[in-house]
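First, one chain by itself: the form predicted alone, in structure tokens.
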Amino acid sequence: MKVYRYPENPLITPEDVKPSRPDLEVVCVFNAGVASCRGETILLLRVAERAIGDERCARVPVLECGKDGSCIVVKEFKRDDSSCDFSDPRVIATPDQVFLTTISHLRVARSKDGRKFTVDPNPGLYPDRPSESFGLEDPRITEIGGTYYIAYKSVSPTGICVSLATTTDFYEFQKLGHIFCPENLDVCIFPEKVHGRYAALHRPVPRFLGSLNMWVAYSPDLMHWGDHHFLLGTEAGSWDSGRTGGGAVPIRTEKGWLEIYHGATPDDHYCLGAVLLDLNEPHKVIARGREPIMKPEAEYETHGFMPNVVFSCGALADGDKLTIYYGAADMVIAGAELSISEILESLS
């Protein structure tokens, strides 16, 4: 599979993003939703911020909500406190609760050529309710009838939900609330109805039986989802043996819906793969790639906050050209071009 990585990569780094407030610093910018709007390429970035601290004390930003509204407060944890587990850079585990070391919001970046981006100075979507007390993450953007629907993870101590927001211009946004209850991830809404209903990929997180597999659900109104179907599972000994999940919003082709999805091994080595779904019954798989279409190879993909990760939340199709924007090593944004026809030929 030919993969043309942009020589400008990484396209956006933490240094390119202004913190949302002075006592926070941007540590990661990744996993962006993608759209075309008014002649521009839009990236809706996941921006992860942490509280500025020191080696002796870990400081964690958390949203707190009360009668008078909501605000981000900073909690402190002494690194020499033996009751706390600091081994995972993503979390701090206390005897009572697990906290994320960063809090994420969604920020717009704009480009005329798809390579040089200008990042908005302020967040587009920001935590403001209890279900978002640990942040907003990993948006996927679907345009339907001139409205852009943004499915994103809302993260809190009560679990990870999927919520929905809308915009028509990427300047003003409206939050609509939860569409999938905890714990569910990687929701990608199809860009057109199927037999009068909306369709979406989603990935439940089972705790007793089952693996981290992809499912399809249907909805009459984008808010209420049902008629769930198992779609795609992990494969033992393969590059996606640990988990599978939706990546880019599905792309219509003559042969079926092309879905660029992510897969990972149990030790969190993330690659991108492809699967072809039936146009009229997208819960049916027509063909699946046995090898990744893209795997971590470049230095900015193999080294970073989480090494050996390529993870996409969006792609743009232009004829046979597919431009994939992706998070590399959970730290920066990069871009690459692939051939849709070559991807389809690789499926079996």
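Position 1 is the first residue in the sequence shown; the rest follow in order. Just so we're clear, the structure is a prediction, and the values are computed from it rather than from any experiment.
The same protein has a further form, the form predicted together with a further copy of the same chain, not shown here; the description that follows concerns it.
- The contact with a further copy of the same chain in the predicted complex, taken as any heavy atom within 4.5 Å, belongs to Val91 out of Ile144, Cys84, Val74, Val91.
- For the options Val194, Ile251, Val119, Val205, the one in contact with a further copy of the same chain in the predicted complex, meaning a heavy atom within 4.5 Å, is Val205.
- Taking the partner from elsewhere, Tyr126 is found to have every heavy atom lying beyond 4.5 Å of a further copy of the same chain in the predicted complex.
- When a further copy of the same chain is considered in the predicted complex, Ser156 lines it closely, a heavy atom lying within 4.5 Å.
- Using a 4.5 angstroms limit between non-hydrogen atoms, Asp221 touches a further copy of the same chain in the predicted complex.
- a further copy of the same chain in the predicted complex is approached by Trp225, whose closest heavy atom lies within 4.5 angstroms of it.
- Segments offered: 272-280, 156-164, 110-118, 186-194. Contacting a further copy of the same chain in the predicted complex at heavy atom distances within 4.5 Å is 156-164.
- Counting a residue when any of its non-hydrogen atoms is within 4.5 Å of a further copy of the same chain in the predicted complex, the hits in 162-191 run His178, Ile179, Phe180, Cys181, Pro182, Glu183, Asn184.
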